[in-house]
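Given next, in structure tokens, is a single chain: the form predicted on its own.
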Amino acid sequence: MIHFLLPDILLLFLPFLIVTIRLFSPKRSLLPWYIAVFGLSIIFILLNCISVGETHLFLSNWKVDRFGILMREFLVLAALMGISFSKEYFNYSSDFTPRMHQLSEFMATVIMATFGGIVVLSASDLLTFFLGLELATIPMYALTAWNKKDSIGSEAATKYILMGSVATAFELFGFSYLYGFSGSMLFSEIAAKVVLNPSSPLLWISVLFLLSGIGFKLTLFPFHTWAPDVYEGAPTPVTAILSVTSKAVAISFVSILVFGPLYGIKEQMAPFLSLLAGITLFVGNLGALKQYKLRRFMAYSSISQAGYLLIAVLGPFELALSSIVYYLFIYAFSNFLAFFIFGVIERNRPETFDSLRGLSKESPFLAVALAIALFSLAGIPPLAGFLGKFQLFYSAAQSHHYILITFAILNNVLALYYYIQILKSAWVDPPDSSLFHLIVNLRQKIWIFLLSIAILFGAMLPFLNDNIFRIMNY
């Protein structure tokens, strides 16, 4: 049975190994970076070799199930893409992009945040659940302020920490009421008490505070206000990682709560979840319309994506979880593809829409990849993003949330408009001769190509491995 735990153990020791190697290697050595990439790749392969049919418990409360394995694969792959994307920012500096330092420590921090997400997925009691969520969040505070001399980044990190601390207080308050209601921290015992007494005031106070706390991390309205400032102020690699990893951990937290200890009141919670999802995707889409900076634009896009993800939670158990997993993979591919392109742009240009002017003539390769990324985020067929959103809507449709689905589809039309605004700059607007020439290295070309292919063929292959193929019942 040790093979179920081996990826988790390796991921826990990997950041310590990276930092140790850094201490005994030359200052400019790339060995820690290769160890990180190799280690994450091995862990991802091991996870794909695990076939989980039923839930396994280790040490009485460490859970390994199908959803957990798939989300582990996602988090490890997101860390791998984030570390690969960030390497260029440690190699150079420019007037627009300050050079980052301490690559080994940066990678170790990213991997520790990833391990925090795995703790959330493995938890079967409130204490482990809370510790995992904080272990996934606290490293993000440090990553946001990684450029110590960047005043904007320091301001963003301060806002992030202050609002995150309030959210943590809400979560703890919610957990305390849930413990007071049930008299236990075990999910199974809480679920039994919820079924017996679903209208308890203590229970609903707990739900209120838990949704408020996790709304911050998932960027749900009205807890989303930190996102644009943090996404703009943090280093671009951190913004890319934050937009994917943090969102995945948060939606996993919500899913585990709704389909675990709170499953007995899922139907009563549905109106609140529907309202949160609908307002969030509308506010995100509306906010994106007025943006002209690339990272603030991606912040509002990320807010709207949180609303779409929450829609799936309203569906039945297996369909909801499988659609969330599939959409997260596609979202990660599309998001990282866009950030890889923005990383090329901002190396020698301001990070605004105007920096994309004439991109189709200067670099057709980047222009086509950008169109693939943005149309996938918008959910345009035949790209994988379309099938991803279809899965989310189909999940909610099984529980008859047709009004919310109709509202989400109308909002998708609004989203298409602002995604086209970026593509207009890249494909229609004339080139600006004052802009610096773009430089794309081999690693960036390979990642951009692979992510583009994944998005193009992801809709034709609606499974990522045997596990997701099995639970999606295709």
Partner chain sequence: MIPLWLIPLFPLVGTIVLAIIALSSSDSKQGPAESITGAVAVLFPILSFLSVVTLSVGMPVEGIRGTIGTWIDTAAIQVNIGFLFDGLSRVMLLFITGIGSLIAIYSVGYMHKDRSFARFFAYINLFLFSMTILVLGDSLLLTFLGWEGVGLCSYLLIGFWHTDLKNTKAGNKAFIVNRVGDVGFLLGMLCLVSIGGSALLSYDALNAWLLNALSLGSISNAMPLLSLAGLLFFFGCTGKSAQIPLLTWLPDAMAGPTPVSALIHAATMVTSGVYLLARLSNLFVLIPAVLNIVLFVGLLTAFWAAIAGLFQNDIKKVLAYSTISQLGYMFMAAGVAAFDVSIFHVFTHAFFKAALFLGAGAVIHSLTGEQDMRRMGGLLKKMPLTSLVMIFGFLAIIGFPGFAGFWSKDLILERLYVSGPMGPYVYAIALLTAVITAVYMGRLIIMTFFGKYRGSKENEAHIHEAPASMLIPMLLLSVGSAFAGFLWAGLIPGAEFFREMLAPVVGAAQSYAMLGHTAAHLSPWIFAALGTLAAIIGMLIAWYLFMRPVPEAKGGSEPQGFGASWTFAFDKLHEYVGIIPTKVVAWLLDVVVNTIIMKAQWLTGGIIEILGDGIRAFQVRKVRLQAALSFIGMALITILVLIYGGLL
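Computed from a predicted model, the values in this text were never measured in an experiment. Numbering follows the first chain given and starts at 1.
Note that the form predicted together with the partner chain isn't included here; everything after this is about it.
Proximity to the partner chain in the predicted bound form, defined as a heavy atom within 4.5 Å, holds among Thr225, Ser363, Thr128, Ser176 only for Thr225.
Comment: the partner chain is not present in this chain, but in the predicted bound form one of Asp229, Glu105, Glu351, Asp150 has a heavy atom within 4.5 Å of it, namely Asp229. Screening 267-275, 120-128, 321-329, 386-394 for residues having heavy atoms within 4.5 Å of the partner chain in the predicted bound form returns a single hit, 267-275.
Relative to the partner chain in the predicted bound form, residues Gly39, Ala142 and Thr144 are all farther than 4.5 Å at every heavy atom. At the 4.5 Å threshold, heavy atoms of His101 stay clear of the partner chain in the predicted bound form, well away from it. In the predicted bound form, Leu77 stays away from the partner chain, with no heavy atom inside 4.5 Å.
When the partner chain is considered in the predicted bound form, Leu46 lies well away from it, no heavy atom lying within 4.5 Å. Within this chain, Val368 is remote from the site of the partner chain in the predicted bound form, having no heavy atom within 4.5 Å. Residues Pro271, Phe272, Ser274, Leu275, Leu276, Ile279, Phe282, Val283, Leu286, Gly287, Leu289, Lys290 are the ones in 267-290 with at least one heavy atom within 4.5 Å of the partner chain in the predicted bound form, listed in sequence order.
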